[in-house]
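First come two forms of one protein chain, each written alone as structure tokens, so that there is a structure 1 and a structure 2.
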Structure 1
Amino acid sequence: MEVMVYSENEKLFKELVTAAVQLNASKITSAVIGSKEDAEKAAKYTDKAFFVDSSQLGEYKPKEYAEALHSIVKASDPQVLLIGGTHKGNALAAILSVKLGEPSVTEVSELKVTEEGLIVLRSAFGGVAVAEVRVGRKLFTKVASPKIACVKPGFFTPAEESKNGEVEKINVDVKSSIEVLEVKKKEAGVGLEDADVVVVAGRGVRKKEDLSLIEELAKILGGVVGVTRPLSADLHWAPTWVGMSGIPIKPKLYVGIGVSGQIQHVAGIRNSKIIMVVNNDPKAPIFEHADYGVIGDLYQVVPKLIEMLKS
């Protein structure tokens, strides 16, 4: 069984290789949209790396990149295609799925191959449940079209270099109707995914200036600050937010300050090792998910917490 892996994210690419190994793939190939050097790097982890020169395509555009990926897939005909479950990866998978007429499934955390085909575990209902899904039947009889699974970051150990695979360039003739004029990087919220400590401010924080209190606490704990969606999407206090539709996090310590604990937020923090919260409403749903909870006014509790931690 050939398993092809693709991710624009290097760490996630290595995680996909481990997932492919765990699927007992007899051949692991990689799809690269980048330079020859990128493909040579990928070939250190896989039996063969196919690449489309990204200079032909320009900046990431879902339709064009999916077209390139489609050409690579057609060149090798893997039975399973594992795509890194980033925003970009999920978008590519959806387009590819339509092109190939094959199912694709997102939010995957575990995979296995049985006589029934490819079986995956994926988050359902915003992360409150785990669904076991069979991704199409007859995995081995319909060789030309792979089953597509978008694997979530952080569920497999990144693979080490172990191969010296060959590299093959795939030529594509992709015409784009979109011209990217400028790309701006998000300047804040950086590091949330990998932080060991994340202190999240919620709507309980009344004014933007009060975020300094949360920043001070985060600094003492050696962590970074995140916010809930309303603080970012509605109030524009931060460029991004923590949660299902924002950035899912998995720190050793999550501290939620004035966060109510709605399901869309909780879905993005449930992989935190320790959850500690401060909320003045004893009925706030966040307490159901907390290891430690303080019922109280954040404007009294947080300064005390800072004082205690300082001493």
Structure 2
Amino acid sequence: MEVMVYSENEKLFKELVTAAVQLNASKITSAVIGSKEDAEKAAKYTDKAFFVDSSQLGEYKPKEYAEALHSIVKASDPQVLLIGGTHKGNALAAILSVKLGEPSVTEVSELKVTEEGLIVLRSAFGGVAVAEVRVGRKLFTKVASPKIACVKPGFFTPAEESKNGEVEKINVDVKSSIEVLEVKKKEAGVGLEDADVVVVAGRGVRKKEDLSLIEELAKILGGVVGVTRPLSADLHWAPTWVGMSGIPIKPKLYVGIGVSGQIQHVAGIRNSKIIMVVNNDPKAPIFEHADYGVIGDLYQVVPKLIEMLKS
């Protein structure tokens, strides 16, 4: 079984390689839209790297990049195509799915191959549940087009260099219908998924203004602040949230403040090295997953923590 991997994000690309290995792929190939140097780098992780020179395509445009990826897939004919579940990756997967006439599934956190075919776990119902989904037809035999799965970042350990694969250039004739006038890069600090320390606010935090208390604790610990899904999706206190349906994290230290511990949140923090929580409900599910727990009112506990850390 050949598994092909593609992501514009280097770290996520390495995670996809690990996912392919766990699928017991007999051959792992990579699709690269970039330079020959990018392809040679990818070949250190896969048996063969197919690449389209991005200078032929210009700046990222979904339609043109999907055409290029389609050409690469047709050149190798894998049975499974793993795409990084970023905004760009999800868009390319949707277009490619139509071109290939095969289904694609997003929000994937786990994969396996059985007699039933490619089976994935993905978040469902806005992230409050996990669904097991069979992708495409029942019998997993040699087919004309691959099953497509968009894998969320953070669920697989990045692979190490272990190959000395071939590199093959694929020539494409893609005409762009869009002209990019300007690209402005987003200014951002350390992301939640890359931080060593993450302090997460849950529903126990009563007001948005009280996030300043959480921010002060995070600053002292040298970390970043995150929130749970209700604070982001329902109350709109932050653009995204920590959890399987938001951003999965695996910091050295996770501190949950007023977090109850719903299943989708726990699934997104389970790879944290140390989990420490503060909650006034001794029966809160989060305590079942914590290495250290404080039962108490966060408005009393957190200021004490800050005072102790400062001293």
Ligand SMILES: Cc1cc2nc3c(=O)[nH]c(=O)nc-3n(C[C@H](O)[C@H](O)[C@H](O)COP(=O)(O)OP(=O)(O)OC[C@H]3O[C@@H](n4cnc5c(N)ncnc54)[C@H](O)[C@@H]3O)c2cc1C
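Note that the rigid core is defined as the largest set of C-alphas that superpose within 1.5 Å between two forms. Here the structure is a predicted model, which is why all the values come from computation and not from measurement. Each residue is numbered by where it sits in the sequence of structure 1, with counting from 1.
*Asks:* Pick one: which structure is the form predicted on its own?
*Replies:* It is structure 2; that copy is the form predicted on its own.
*Asks:* Just checking, between structures 1 and 2 and with the core aligned, does Arg203 shift 2 Å or more at the CA?
*Replies:* Indeed, Arg203 is displaced by 2 Å or more.
*Asks:* Examine Glu107 after superposing the rigid core and state whether its CA is displaced by 2 Å or more between structures 1 and 2.
*Replies:* Comparing the forms between structures 1 and 2, which are aligned on their rigid core, Glu107 does not shift its C-alpha by 2 Å or more.
*Asks:* Could you tell me whether the Cα atom of His236 shifts by at least 2 Å between structures 1 and 2 after core superposition?
*Replies:* The answer is yes; the displacement is at least 2 Å.
*Asks:* Cα shift of Ile249 between structures 1 and 2 after core superposition, in Å?
*Replies:* Its C-alpha shift, to one decimal, is 6.1 Å.
*Asks:* By how many angstrom does Gly222 shift at its CA between structures 1 and 2 when the core is held fixed?
*Replies:* Here the C-alpha difference is 2.4 Å.
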